[in-house]
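The chain below stands alone, shown as structure tokens; this is the form predicted on its own.
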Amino acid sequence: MKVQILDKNDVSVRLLIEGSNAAFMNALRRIIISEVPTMAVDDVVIIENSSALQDEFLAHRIGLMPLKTDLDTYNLPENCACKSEFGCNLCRASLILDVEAENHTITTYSGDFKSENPSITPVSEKIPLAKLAPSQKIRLEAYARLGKGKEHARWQPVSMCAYKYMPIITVNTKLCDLCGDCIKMCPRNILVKKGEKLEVRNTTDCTICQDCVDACQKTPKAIEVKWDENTFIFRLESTGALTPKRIVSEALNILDEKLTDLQSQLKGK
């Protein structure tokens, strides 16, 4: 298997993976979505809430707020040595929200939370939670823990994770008369007229929609779009809780553990 990074930044990565198959790619995608743990608020203790937002709605919004995650310091609650339903410093982090509108209306943001651990903070400080009219206030304690996406979407480390086959676009220069119909129909500007020929650019951006083939008036078609069933373009976007690199590496470790466990069970039988 060969892996090439097509592009990446702090929150997303796009990979070209050769020598694989759809079963492996789908296993990796499903593990990233449902098995890679992240931090999220699971319990909220409302001390005072005089805003127009009900306690349940406020707690729900806070629970969906992505938190920066430190997988090296915290344990999953079921794996923690404390075995306590209340948790400990190794499996739970607390955040406090204490805001009050005095003489004018204000908006409470995720950045207003104060965390006991500087490494467990909201991914963004600009996530709006509630509006407070003059004299209204919110005081609460939020408790975050590690969890997995299969329990609830709040623990999913990605906002998007998908893969597609590597497109293969072929132009028959003998049949193509450069009418330009396929160029106009391509939503990703893959096809470009250059001189007396039709060029294919940025093949990895192709969605294999076949619009260019349908637009061709020739019979047989002057353009053909296929795909390589052993080469994939894999893309994910992180919520910011973990880096894309850490998400992929954790998913691969989890997949390796599952396969090792399956192998040992098969040997035992």
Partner chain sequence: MIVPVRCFTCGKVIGDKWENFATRVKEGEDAGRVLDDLGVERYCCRRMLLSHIEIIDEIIKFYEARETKQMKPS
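Numbering follows the first chain given and starts at 1. Since the model is a prediction, treat every value here as computed from it, not as a measurement.
What follows is about the form predicted in complex with the partner chain, which we do not show.
The partner chain in the model of the complex comes within 4.5 Å of no heavy atom belonging to Arg145. When contacts are judged by a 4.5 Å heavy atom cut-off, Ala222 does not count as touching the partner chain in the model of the complex. Mapping the unseen interface onto this chain, Lys131 counts among the residues with a heavy atom inside 4.5 Å of the partner chain in the model of the complex.
Although the partner is absent here, Ile127 sits close enough that one of its heavy atoms falls within 4.5 Å of the partner chain in the model of the complex.
The candidate spot formed by Ile183, Gln210 and Thr231 lies out of contact with the partner chain in the model of the complex, as no residue has a heavy atom within 4.5 Å of it. The single contact residue among Leu242, Met65, Cys216, Cys206, judged by any heavy atom lying within 4.5 Å of the partner chain in the model of the complex, is Met65. Contact annotation: of the candidates Thr170, Asn89, Thr173, Thr105, the single residue with a non-hydrogen atom within 4.5 angstroms of the partner chain in the model of the complex is Thr105.
Just one listed stretch, out of 106-114, 174-182, 191-199, 137-145, contacts the partner chain in the model of the complex at the 4.5 Å heavy atom level, and that stretch is 106-114. Counting a residue when any of its non-hydrogen atoms is within 4.5 Å of the partner chain in the model of the complex, the hits in 49-87 run Ala52, Leu53, Phe57, Arg61, Leu64, Met65, Pro66.
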